[in-house]
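In the block that follows, a single chain appears as structure tokens, in the form predicted on its own.
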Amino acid sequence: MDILPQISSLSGELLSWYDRHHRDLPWRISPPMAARGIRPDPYHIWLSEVMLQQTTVPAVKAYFAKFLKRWPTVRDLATAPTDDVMAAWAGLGYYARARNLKKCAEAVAAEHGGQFPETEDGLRALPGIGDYTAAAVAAIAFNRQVAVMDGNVERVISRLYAIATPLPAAKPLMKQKVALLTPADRPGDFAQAMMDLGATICTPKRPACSLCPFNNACEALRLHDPEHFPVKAAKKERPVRQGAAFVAVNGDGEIYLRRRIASGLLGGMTEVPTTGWTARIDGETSATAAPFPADWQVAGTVTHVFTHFELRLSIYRAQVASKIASNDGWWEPVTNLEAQALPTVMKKAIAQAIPRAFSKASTYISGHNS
């Protein structure tokens, strides 16, 4: 049996659905605009795709707008102070992305004249760009016929073909299926259509199968069990780590901060002093580990979930009469905390000790990952 007509039909049905139901996103060129030959800005696509990794579309929209306002082009981002980029990224989580974002912008500006490479291989050679981002930018920005795979696409394709192999072992087969479906004429729109379908119709729970353009061909629907797919390997139990964080405030309304080392977890970000916890070891949890002598008072605990472990921090607060000199930190006005490169876990720690430190403190103590 010749499967090419069936593949072409499936791709055509999805693109027709996308033409009618595509999401309007600030980095996206709509199908009517694309039909007039208008192409998306590769900088916009790259920036949005990096931001969207492990983050939701609603959360990314505000950050995307903020970055474009401050750094309208990749050259602008390349010349921006790293501290400013890290501060603007604070709250999006997975901070290695921000460090790599800056390195990639510098490489594009210095080595490619401010123009992104148009091929998947050329994009993958840039700092911080992996297989997914390279494929997404190549397809969406440059209309290259490549298979784009994210979580939404994996869910759609696993259900369409009822792929029983658990993830991540199923990824090569899934990519092969997507590559066969990806058309030569509108590969970027096809990639975005697959993402939209997974985000709005083929959802993890209670998929709206009656509205899906693939419902006549979907094997999972035929088996009456779409939610079974994609099959996932059993998760390992997430370890719990302990540590302590120390929030010191002086008489001038300033808080003591310091910068983490550039490498590793939360590398280069701003923090209140903490003990030496990592993903693998616990840190001290008592006031004896404080960065300097003071009247440290227990201020409660906070919990923060990282990708591979859960962290429980004992929070201590101290009111000090004057600025204690230190070689590895500085005193920052509490009113200026929003402008600092504080990761979410540090914002939680500060908000626990100083409840009104942030105008949107509830955002930072809601269990958000980073």
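Remember, it's a predicted structure, so these values are computed and weren't measured experimentally. Position 1 is the first residue in the sequence shown; the rest follow in order.
The form predicted together with the DNA exists for this protein as well; it is not shown, and the discussion that follows is about that form.
Exercise. Among 92 to 100, 74 to 82, 179 to 187, 212 to 220, which stretch has residues whose heavy atoms lie within 4.5 Å of the DNA in the predicted complex?
Worked result: Among the listed stretches, the partner-contacting one is 92 to 100.
For this session: Find out whether any non-hydrogen atom of Glu106 is located within 4.5 angstroms of the DNA in the predicted complex, and reply yes or no.
Result: No, Glu106 stays farther than 4.5 Å from the DNA in the predicted complex.
Problem set entry | Glu254, heavy atom within 4.5 angstroms of the DNA in the predicted complex | Looking in the predicted complex, residue contacts with the DNA do not include Glu254, since no heavy atom lies within 4.5 Å.
Exercise. Looking in the predicted complex, any heavy atom of His304 within 4.5 Å of the DNA?
Worked result: Result yes; His304 sits at the interface with the DNA in the predicted complex.
Problem set entry | the DNA contact at His224 in the predicted complex, heavy atom, 4.5 Å | Outside the cut-off, so no.
Exercise. Looking at Gly300, Pro293, Gly276, Gly264, which has any heavy atom no more than 4.5 Å from the DNA in the predicted complex?
Worked result: Going through each option in turn, the one that passes is Gly264.
For this session: Note which of Asn152, Thr119, Thr165, Gln145 lies within 4.5 Å of the DNA in the predicted complex, where distance is taken over heavy atoms; exactly one does.
Result: Comparing distances to the DNA in the predicted complex, the residue within 4.5 Å is Asn152.
Problem set entry | Candidate site Leu25, Lys235 and Val345: all three near the DNA in the predicted complex by heavy atom within 4.5 Å | Every residue of the candidate spot has a heavy atom within 4.5 Å of the DNA in the predicted complex.
For this session: For the stretch 106 to 127, return the residues whose heavy atoms include at least one within 4.5 Å of the DNA in the predicted complex, in the order they occur.
Result: Counting only heavy atoms within 4.5 Å of the DNA in the predicted complex, the contacting residues of 106 to 127 are Arg124, Leu126, Pro127.
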